[in-house]
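What follows is a single chain, given as structure tokens, in the form predicted on its own.
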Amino acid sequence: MEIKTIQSAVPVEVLVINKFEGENTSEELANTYAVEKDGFEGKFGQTYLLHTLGKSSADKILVIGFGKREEFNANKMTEAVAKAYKKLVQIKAKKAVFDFNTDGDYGKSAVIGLLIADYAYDKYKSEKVHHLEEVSFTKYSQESVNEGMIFAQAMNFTRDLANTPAQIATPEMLAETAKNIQGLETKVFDKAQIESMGMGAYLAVGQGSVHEPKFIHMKYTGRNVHKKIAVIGKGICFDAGGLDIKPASSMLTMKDDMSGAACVLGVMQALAKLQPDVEVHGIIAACENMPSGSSYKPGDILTAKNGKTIEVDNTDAEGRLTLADALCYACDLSVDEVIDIATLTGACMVALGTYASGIMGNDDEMLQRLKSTAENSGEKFWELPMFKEYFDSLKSDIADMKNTGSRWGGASTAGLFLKEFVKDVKWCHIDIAGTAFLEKPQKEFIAGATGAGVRTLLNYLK
């Protein structure tokens, strides 16, 4: 789909306009038929399709409700444009002009909504989803539209990776994807190198799979670096649970257990285009958690990169083991901040559902900045407690800690486990277990991967 900016609306197949509650639209024809005759109020998300019958330069006019003007914001623009685009797809439109009457330049948000709604993972389907050929926006700057395209393309790049079947999205494939991103310095460490770095927790998780682990380190360097940040994504390419095997129904979506890694890859490929003045290290400990004769076992003692020992209480609490070694590695890079993002705990999904991700960390100011950035980016982060009492259930009689404890407060317990591997650096952990993959459509998203975290991290790194 071609996306353009134009000065004013031109003759087109479909003209898309907005209506605020209590106000008229910019088109008299729509005011006459939609507002006066049919009582279209313009409540947020409402749509009205008008066939002009030659009375306008557009064949059809699509009116999208923006709700109350004083409540409208960039996030609502994203959702409204997505709603309008889905209506355009429904009527099999080919070309449309979006001519909105709003205050400010909402180009970035509008394009993000457009491309979120345009996304379809139909690679393996014979019948493809309908896409518009061309969409134009009036009144918005080319700069904001371009930035929106970079953000949305990063999200959809991430969604593609997380939607890809595990037979294809292997640790090797993630490593090749990382190496093919332009504008980065990228190193990929193999099993022998990972072992030489002392990453015993991470190696244990991957030892039951025929696919060897790949430790990926990408580095972006801006022109005038004022901050150094490491972003770690959980990279479990498929999680069968190991010897503590999951029920069959719980494995159906486990190709998405590398959504954190997919997010980091999406962010890193966008940074090379956005060129912010920061240094960013993208880190992924990629592997599969599979049952076999070589799998790690309950009761095993693992030694992480920082020398701490871990008793394996459950092989299905594997993500935190890979992140433990990745956190140790990141803390040795002399960065100012470390962020990890992971589909880590079912407990977080139980607590927060599919609308909010959990967040916790060791620095309140950093936490609040990330939460605020998420809110302004169209995502929701909810802070979970890290009371030291949660660590009690992780205590082991024979090692420094166990890899899992009580089922109660499981998301917080996992956060405290990760904290044991963070040294002398500001750190935040984002649990996207509920938000990374949807079993049914939600707001602007179809079912499947959402690209959770991409918008927030890009805005934060900018």
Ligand code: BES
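Residue indices: 1-based, along the sequence shown. Predicted, not measured: the structure shown is a model, and the values here were computed from it.
The next section is about a form of this same protein that is not shown, the form predicted together with the named molecule.
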query: Triplet Gly200, Lys214 and Cys328 all within 4.5 Å of the named molecule in the predicted complex via a heavy atom; finding: no
query: 4.5 angstroms heavy atom contact with the named molecule in the predicted complex for Gly346; finding: yes
query: Contact test in the predicted complex: Asp316 vs the named molecule, heavy atoms, 4.5 Å; finding: yes
query: Interface membership of Lys246, the named molecule in the predicted complex, 4.5 Å heavy atom rule; finding: yes
query: Partner proximity in the predicted complex: Met254 to the named molecule, non-hydrogen atom cutoff 4.5 Å; finding: yes
query: The named molecule in the predicted complex: contacting segment from 163 to 171, 205 to 213, 234 to 242, 302 to 310, heavy atom within 4.5 Å; finding: 234 to 242
query: Residues in 433 to 448 close to the named molecule in the predicted complex, defined by a heavy atom within 4.5 Å, in order; finding: Ala433
